[in-house]
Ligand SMILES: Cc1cc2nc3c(=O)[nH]c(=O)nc-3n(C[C@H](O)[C@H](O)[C@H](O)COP(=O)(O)OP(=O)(O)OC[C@H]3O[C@@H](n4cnc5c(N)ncnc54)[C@H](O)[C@@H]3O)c2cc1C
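Before any questions on how it binds or moves, here is one chain, the form predicted alone, in C-alpha cells.
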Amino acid sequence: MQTDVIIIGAGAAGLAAAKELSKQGISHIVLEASHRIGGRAYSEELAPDVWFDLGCAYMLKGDDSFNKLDESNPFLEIAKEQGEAVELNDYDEHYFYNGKELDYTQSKAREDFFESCVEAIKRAAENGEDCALSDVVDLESPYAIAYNDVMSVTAPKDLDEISVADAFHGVEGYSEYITPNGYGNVVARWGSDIEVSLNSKVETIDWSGKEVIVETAKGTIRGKCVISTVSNGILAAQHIDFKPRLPDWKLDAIQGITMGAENKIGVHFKKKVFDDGVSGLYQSWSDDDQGAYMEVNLLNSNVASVFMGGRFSQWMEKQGQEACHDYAVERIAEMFGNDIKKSVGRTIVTAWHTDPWTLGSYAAALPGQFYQREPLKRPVGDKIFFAGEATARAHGTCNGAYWTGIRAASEVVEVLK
C-alpha cells in the first residue's frame, strides 16, 4: 500500500493531523494499534446515561489562549456544535486532615503553603534552575503530603520526579470545563469521519531509503514520511523498531520526558446518596495512611471519582482492580459514612501505567530534563515527524495534543511541497 504520509496513532494528535492533511489534499493513512479511536480521550457508560472519562476529562482553556494558540481548546466549540452541554468546573473544595475537616485557620495555612510552593517553583525556574520540586518545597509542613497528592495527580509524578522548570513553563492558569456525556465521546464523534485502520500495531519503521516503509500487524505500507503520535511510554520501551535507530539526541529527549501514572476510580451509587450542596472537590490525608483526592457528584451524576498518582498509582495497579475498588470505597466512606457502602453500584478502574498502547497516562520532564521538550518535537531527517501531548507546551492535555497534530501536519506540508 502506498501513500504520502503515514500517521501512527488515532488520538487527538493523529486525528487532527489527518484532518489538516485532508485540507491540503495530501494522501495519508492513519494506523491505530487499539480497537478504537481517541487514544487517552475515552468515555465509558458507568450507568445508564452516566458517562465516565477514563482519560481526558477536563476541557482546559489557558488564560492566555488569545496569544498562545496551544492554550485554546477547539473541543469546547466542537462539543457545543455537537449539541453537548458544557459546564465550568467551579465547585466548592473541601479538605480533611486526620479525619476532620479543616477549620478556617487550617484552611488558610494550607492555602498559604500551596502558594509558597508556587512561588518557590517560580523563583527556581526564573533563576535558571531545573531541580526537583522536592528540593524547593518544605517537606516538613503538615500540608506537604496533601501537596504531593495533588501534584502526583497533576504531574503526574511524585515531588522528587517533577522538574521545577517543567512545572513552571506549563500552562499556569486555565479555565476548566466538563461535559456530562464525556470528553472522550466528543473526540470520538469529531474523529468519526476519518478512515482509520484499527488493530494495526506498528512493528517496524524503516527510514533508511528514499521511502519510509512501515510494517504493521496487517501488512506493509510505504510513504514519503511518517507522523508519529505514539506515546513516550511506547517509544521509551522501544516497542517500535526504527531502522536505522533514532539518533541519540532524540532518544535522550524521549528518556528525559517520561510517562507518569495518573489513575482514577469512578464509583456510581445506585440511589441518591449525596445531599444537596455537597457536590465538589474533596481531599483527605493523614499522618499514617494514604490520602485521596476526589470529585463528588459533579453534574449530579451520583458518582464519586477517586484519583491516584505517582508511585502509589503504579503500586495500586499491581494490586489489581478489586484492591483499587476497595481503596476508593473506603476513602469515600471516610467522608460520607459507612452506610454509603450499601449503595455502591458499578465501578470503573483505570490502569494507564500498564495500558499496552500508552504505558502511562501522560508525560512530564524529569528534574534537569526540561530542555528536552524542544528536541522531543523536532523531526528526524525530514522523514519522521513527532506529535502528541508530550510534544505540546500545554502538555498532558487533549487540546495540546490537537495542536501538535496541526503543527506536525504543517511541517510535513512544507517538506512535501
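From a predicted model like this one, the values you see are computed outputs, not experimental measurements. The first residue of the shown sequence is 1; numbering continues from there.
Although it is not shown, the form predicted together with this ligand is what the next lines describe.
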Query raised in the report: Taking the partner as it appears in the model of the complex, which of 377-385, 56-64, 43-51, 364-372 has residues with heavy atoms within 4.5 Å of this ligand?
Result: 56-64
Query raised in the report: Do Ile240 and this ligand come within 4.5 Å of each other in the model of the complex, heavy atoms counted?
Result: yes
Query raised in the report: For Ser163, is any heavy atom within 4.5 Å of this ligand in the model of the complex, or not?
Result: no
Query raised in the report: Hey, in the model of the complex, does Lys264 get a heavy atom within 4.5 angstroms of this ligand?
Result: yes
Query raised in the report: Would Thr179 sit within 4.5 Å of this ligand in the model of the complex, counting heavy atoms only?
Result: no
Query raised in the report: Looking at Ala146, Ile221, Ile121, Ile234, which is the one with a non-hydrogen atom within 4.5 Å of this ligand in the model of the complex?
Result: Ile234
**Report entry** Contact assignment for this ligand in the model of the complex, among Ser200, Ser72, Gln283, Thr347, heavy atom within 4.5 Å
**Finding:** Ser200
Query raised in the report: Even though the chain is shown alone, can you say which residues of 350-368 have a heavy atom within 4.5 Å of this ligand in the model of the complex?
Result: Trp352, Trp357, Thr358, Ser361, Tyr362
